[in-house]
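A single chain comes next, written as structure tokens; it is the form predicted alone.
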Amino acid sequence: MNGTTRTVKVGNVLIGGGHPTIVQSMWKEAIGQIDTALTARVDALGRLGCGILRFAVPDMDAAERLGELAAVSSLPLVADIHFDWKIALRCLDFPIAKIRINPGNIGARWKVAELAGKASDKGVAIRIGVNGGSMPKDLEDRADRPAALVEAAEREVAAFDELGFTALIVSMKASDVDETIRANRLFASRHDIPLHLGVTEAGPAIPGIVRSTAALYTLLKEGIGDTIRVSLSDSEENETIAGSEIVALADGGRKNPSIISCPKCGRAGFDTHAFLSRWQGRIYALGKPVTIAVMGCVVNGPGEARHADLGIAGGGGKAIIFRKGAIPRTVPLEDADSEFGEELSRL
């Protein structure tokens, strides 16, 4: 949430200008048939906290399918374009909320001008996305890589400035945490353009979340960054949940549920791991700042999590369900899911 940047509209979402930090994710597969299963999953990502969803668009067929999806999507969709400006122009014929391009690979300036002109007419934002692995040739070997990332972005910004196009968002991502932090600090000190933050190719879930948190939390706490993506070799759902947790920690204002759960030990009488795998998605989909506890034993569970709006703990073949430390019911372990679901619905 950066109040010093300009506001850019992406579909029905406002980026920058002090508006809430938006969590993004990227679809992991080629766009297939546009059916109810696909749209339902997009809707579910929105309920988990995803505010904007990006799709790779490598060819015209993908542009057509993304356009079809954009017409029925509950989320603003972004077309990620490389090399062929004609694909970007075709995407702009549909209600796609933003175009993402990489510096230098769209081609001649007249192609950029054609893209900017049509995006301006359609009221569509453009994100300039700079990655450490795809720099302009003359910047690839520069020793100061954060400065090179910034210069690559500034060249494209200057081209759009000349065209009078201001609905820009910039991202400068490296796989190195320190490079990502330094590049975004430098750019933010010079420009009022909203920044999309991320550590590119951050890795599998555990190292990826650690690296992303180190970079994104640091920048957000300094007032730098308006949208984020946690780029994981994992699902869109887990990217969204991780991003939502980072934003909640950095902004100090939680909008989504907080899950507290014990790691499980030798005295556990309740399989917290399996239970959370079944319920995590539905809990996050509540979209409310409630605290849910999933504890492994009845001895410590209600005590350690007495502040929870709703909790469950198990032992001795039974599960207890509690609210704010009070225990409204004890049920057989085989009924734990159904009884917990009833209590969750009351939240």
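We number the residues from 1 along the sequence you see. All figures in this text were calculated on a predicted structure; none of them were measured in a lab.
From this point on, the text means the form predicted in complex with a further copy of the same chain, which you will not see here.
(request) Check whether P58 has any heavy atom within 4.5 Å of a heavy atom of a further copy of the same chain in the model of the complex, and answer yes or no. (result) Contact check for P58: yes, within 4.5 Å of a further copy of the same chain in the model of the complex.
(message) I'd like to know if M295 sits close to a further copy of the same chain in the model of the complex, meaning any non-hydrogen atom pair within 4.5 angstroms.
(response) Residue-level check for M295: yes, a contact with a further copy of the same chain.
(request) Would you check, heavy atoms only and a 4.5 Å threshold, whether R155 touches a further copy of the same chain in the model of the complex? (result) Outside the cut-off, so no.
(message) Given that a further copy of the same chain is not shown alongside this chain, does R229 nevertheless sit within 4.5 Å of it in the model of the complex, heavy atom to heavy atom?
(response) Yes, R229 lies within 4.5 Å of a further copy of the same chain in the model of the complex.
(request) Using heavy atoms and a 4.5 Å cut-off, decide whether D84, P95 and A97 all contact a further copy of the same chain in the model of the complex. (result) Verified in the model of the complex; spot residues all out of contact, no.
(request) Name the residue from A147, A71, V210, A113 that puts a heavy atom within 4.5 Å of a further copy of the same chain in the model of the complex. (result) For this set of options, the contacting one is V210.
(request) Could you check which residue among A167, A119, V177, A188 gets a heavy atom within 4.5 Å of a further copy of the same chain in the model of the complex? (result) Looking at A167, A119, V177, A188 one by one, just V177 meets the 4.5 Å heavy-atom criterion.
(request) Just one of 196 to 204, 122 to 130, 85 to 93, 157 to 165 has residues with a heavy atom within 4.5 Å of a further copy of the same chain in the model of the complex, so point it out. (result) Checking each option against the 4.5 Å cut-off leaves 196 to 204.
(message) Given a 4.5 Å distance limit between heavy atoms, list every residue of 13 to 29 close to a further copy of the same chain in the model of the complex, or none if there are none.
(response) Heavy-atom contacts to a further copy of the same chain in the model of the complex: M26, W27, K28, E29.
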